[in-house]
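Take a look at this one chain, the form predicted on its own, written out in structure tokens.
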């Protein structure tokens, strides 16, 4: 018997065709996408839904919390896996939210396309077929949420979009992909251990600002953060987690009032915790109350903080969430 899969389409380039005006826009739904790939019927029994038809920059954290709840309900009803279709601009964020919120062993796979549905060489059908194959295999169980595009299988915690146009736009710079779909079969070359999940039903996400430190920054923006209305902040420091020396006391004062997480603006690698001791370096900032993000990018650190703040604003408790990514 084929596995049962829930396929949810949120929109994105994979669903886009020309409209009345210039350019392409989201039009197709999950049922139409599935009908365009007849081979899917041989792999799984698919329940198709289209809760949204939007470009992925318009997705919100709350939208993905709703998606997580829908997947949990499907799993409770016996579904063996889930595939989420959306635009590639925010796939790395959506996938990480689902990785944080959907517990258990059953696979969740996120996919999309870099080319519109009517483009020559459209990659959407191949990506959807590969994603369903991954979601349907027992080998994908226990790995959390995965991202499948261009035949590569990525862990949600590592994947990043690295190019605006190429079908090979997605990379996992820190660790590499977990595997690939080759000759129609998902092949896993390494595995990751699941990190603790948060509850999907703990209320709305809290507003968190992400701010990048830049050379010559005169700290004006950092001084405004306390009055921004946000519940927490993520600072993308230079290098291994560093800011201008003049910014350190400002961020320390901010951390005395709000949870402030220190990430790195570098493509890959963890924030340091005990190497550099000059003013504005990681030892100084952590000593002032900033929470190291581990190897999470600023984008993903923001999501974890936003969702963790639903439960607590205690710095130590939040630090424990980030310690899983150290």
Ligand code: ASP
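Residue numbers count along the first chain shown, from 1. Computed from a predicted structure; not experimentally measured.
Omitted here: the form predicted in complex with ligand ASP. The next part is about that form.
Trainee: Taking ligand ASP as it sits in the predicted bound form, is residue 172 near enough to touch it, meaning that at least one heavy atom pair lies within 4.5 angstroms?
Mentor: So residue 172 does not count as contacting ligand ASP.
Trainee: Can you tell me whether residue 306 touches ligand ASP? I mean in the predicted bound form, with a 4.5 angstroms heavy atom cut-off.
Mentor: Residue-level check for residue 306: no, no contact with ligand ASP.
Trainee: Is residue 232 close enough to ligand ASP in the predicted bound form to count, meaning some heavy atom within 4.5 Å?
Mentor: It does not: once ligand ASP is placed as it appears in the predicted bound form, residue 232 has no heavy atom within 4.5 Å of it.
Trainee: Are any of the heavy atoms in residue 87 no more than 4.5 Å from a heavy atom of ligand ASP in the predicted bound form?
Mentor: Taking the distances in the predicted bound form, the answer for residue 87 is yes, it comes within 4.5 Å of ligand ASP.
Trainee: Would you point out which of 63-71, 273-281, 29-37, 48-56 contains residues with a non-hydrogen atom within 4.5 Å of ligand ASP in the predicted bound form?
Mentor: Among the listed stretches, the partner-contacting one is 48-56.
Trainee: Give a yes or no on whether every one of 12, 16 and 113 sits within 4.5 angstroms of ligand ASP in the predicted bound form by heavy atom.
Mentor: Every listed residue reaches ligand ASP in the predicted bound form, so yes.
Trainee: Heavy atom within 4.5 Å of ligand ASP in the predicted bound form: which of 161, 212, 206, 191?
Mentor: If I apply the 4.5 Å criterion carefully, the residue I get is 161.
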